[in-house]
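The data below hold one chain only, encoded as C-alpha cells and taken in the form predicted on its own.
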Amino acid sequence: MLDRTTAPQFKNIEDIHFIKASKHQLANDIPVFIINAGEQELVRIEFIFKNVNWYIQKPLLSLAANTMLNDGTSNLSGAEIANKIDYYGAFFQTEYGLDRSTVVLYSLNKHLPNTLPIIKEVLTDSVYPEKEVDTFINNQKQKLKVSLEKNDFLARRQFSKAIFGDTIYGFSSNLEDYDALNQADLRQHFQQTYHPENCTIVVSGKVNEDILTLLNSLFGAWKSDVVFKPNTVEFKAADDKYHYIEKVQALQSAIRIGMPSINRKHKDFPALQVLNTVLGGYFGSRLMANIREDKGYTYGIGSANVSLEQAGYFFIASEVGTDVCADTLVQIEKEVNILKTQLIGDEELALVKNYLLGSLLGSLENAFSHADKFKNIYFFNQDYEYYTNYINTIKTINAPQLLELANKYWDFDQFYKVIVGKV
C-alpha cells in the first residue's frame, strides 16, 4: 500500500535537450530562424521588430501602433481581417513589450498561402482608421482609470519610475498621454518600426522548404529606406529610496521592494536565479514559508530577477493587510539578511536545484517553447552556450557561493521600497 506520509524521492535530471534554431535569410536579408519539430501540420510565424524612436513627449506610440495593427489596411477593415483569419482556422495577434513589438500568426501549413498574404498586408499597409484610433483611446483611458484604483498597479508604476525614471522602462502612462495620440503620428511610427531592416522572423512547428519559399516570395522583395533610431535606455535611479502612497480607506497595502540589477548578459545571472528561487522564486520559498505559511499575512509573495535588453532589476512583491504591513517589511528584511549571513542547507539547496532543472525541462514541451528559449538568448546576443552554463551553474553551485552572491547583490538598505495603502 502507498505510504502517503512519506514524500516520493526525486531523481536528478541529467540531460536537457534543446532543439536549436537554424538560420536562413530572405532575398532582402531579413533573418529567418527555424525551429523544426512536431508532428502536426501547424506553425507559428513571428515577425519581431525592435522598438524605435521612443521619446517622453509621445510615449504611447509604440504600444498603440502595435495594438492597432490589425484594425485596418487600405483594402481591409479590422473586421474583415479577423474574418479572413478565422475562416482558415488561424490565429493572429500582436504582442507589445518594452524592447520589441511582435506580430504572430498561428496557422495550419496548408492554409499559409491564404493567411500569410493577410499578414503581409497588415505589415506593409496598416492605416489606423480614425474611428479605431478614437475607440482605442477611449477604451484605454477607461481601463487606466480602473487600474489607477488598484494598489498593486500603483506600486508597480511607482517602482518602475523610481528605478528607471522617464525612460521606456520607467514611464507610466497618464490619461492625457492617450489624448496626444493621433492618426498621423501612428502612421509615421508604423513606417519607422515595421520595415525589413528592423525585422526578424522566427518560424516554429513542422516547417518545410515550401514555407521558407513562400516567406521569400511574399517578404523577400520588401524594401524600405526609412530612417529610424533604435531605442537606447540611459537612466539614473531616484535618490529617494522610500516611496509611500497613502490610501486612507485601504484594507490592504501593496508592497514592492527591489533595485536595479544585472540582466541575462551578465555571467552571474544564472547563479542569481538560484539565489532568488530560494528567497521567493517558487511556492516553497522562504518568503512564502515565513509570510504566508507561518504568519498568514498574505495569499502570496514572490521575488524575481527581470532581464530587459538594456537593464535588469530585482523585486519582491506582495499585498498584505494594512495592520501587518510594517511587520511584513521587517520579515522581508530578515529573510534577505539570513541569506547573507547563514549557509543554505544541503536539503533545501538540492530541492531548489531540482525545481529549477525540472521547470526548465517542463518548459520545453513543444517547438513553440523551444522558439521562446531561442529568443531569450538571441536578443541578448547570447548563444546556446548560455543554457549549458545555466544548467551547469544550477548543478554545481554551492551554499558558500550563494552566500557570497547575496552579499554582492543584495543590500536591504539600498532597496527601493514602495508602499501603497497604509503602514
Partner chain sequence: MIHFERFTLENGLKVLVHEDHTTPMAVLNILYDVGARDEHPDKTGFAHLFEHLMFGGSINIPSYDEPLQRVGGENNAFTSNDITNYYITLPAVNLETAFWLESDRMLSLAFSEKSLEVQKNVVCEEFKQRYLNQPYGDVWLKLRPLVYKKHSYQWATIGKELSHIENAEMADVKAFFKKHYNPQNAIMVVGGAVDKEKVKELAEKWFGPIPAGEKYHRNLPKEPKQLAEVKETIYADVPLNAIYKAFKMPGKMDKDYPAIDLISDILSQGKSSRLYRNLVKEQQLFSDINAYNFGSLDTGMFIVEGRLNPGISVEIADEAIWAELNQLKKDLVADDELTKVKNKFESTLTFSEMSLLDRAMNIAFYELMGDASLFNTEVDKYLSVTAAHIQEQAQQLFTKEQATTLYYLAK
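Residue numbers count along the first chain shown, from 1. Note that the structure is a prediction, hence the values are computed from the model and not measured.
Omitted here: the form predicted together with the partner chain. The next part is about that form.
Asks: Can you tell me which of 157-165, 113-121, 296-304, 335-343 lies within 4.5 Å of the partner chain in the model of the complex, counting heavy atoms only?
Replies: Careful reading of the contacts points to 296-304.
Asks: Could you tell me if residue 87 has a non-hydrogen atom within 4.5 Å of the partner chain in the model of the complex?
Replies: Within the cut-off, so yes.
Asks: Report whether the minimum heavy atom distance between residue 71 and the partner chain in the model of the complex is within 4.5 Å.
Replies: Residue 71 belongs to the contact set for the partner chain.
Asks: Is there any non-hydrogen atom of residue 264 lying within 4.5 Å of the partner chain in the model of the complex?
Replies: Result no; residue 264 lies far from the partner chain in the model of the complex.
Asks: Indicate whether residue 222 is a 4.5 Å heavy atom neighbour of the partner chain in the model of the complex.
Replies: Residue 222 lies outside the contact set for the partner chain.
Asks: Which residue, 310, 172, 182, 139, has a heavy atom that falls within 4.5 Å of the partner chain in the model of the complex?
Replies: None of the others qualify; the residue that does is 139.
Asks: Tell me, which of 366, 36, 53, 389 has a heavy atom within 4.5 angstroms of the partner chain in the model of the complex?
Replies: Of the candidates 366, 36, 53, 389, 366 is the one lying within 4.5 Å of the partner chain in the model of the complex.
Asks: Kindly indicate whether 83, 107 and 283 are, all three, within 4.5 angstroms of the partner chain in the model of the complex, using heavy atoms.
Replies: All three within 4.5 Å in the model of the complex.
Asks: Suppose contact means any heavy atom within 4.5 Å; which members of 241-269 contact the partner chain in the model of the complex?
Replies: Those in contact are 250, 251, 252.
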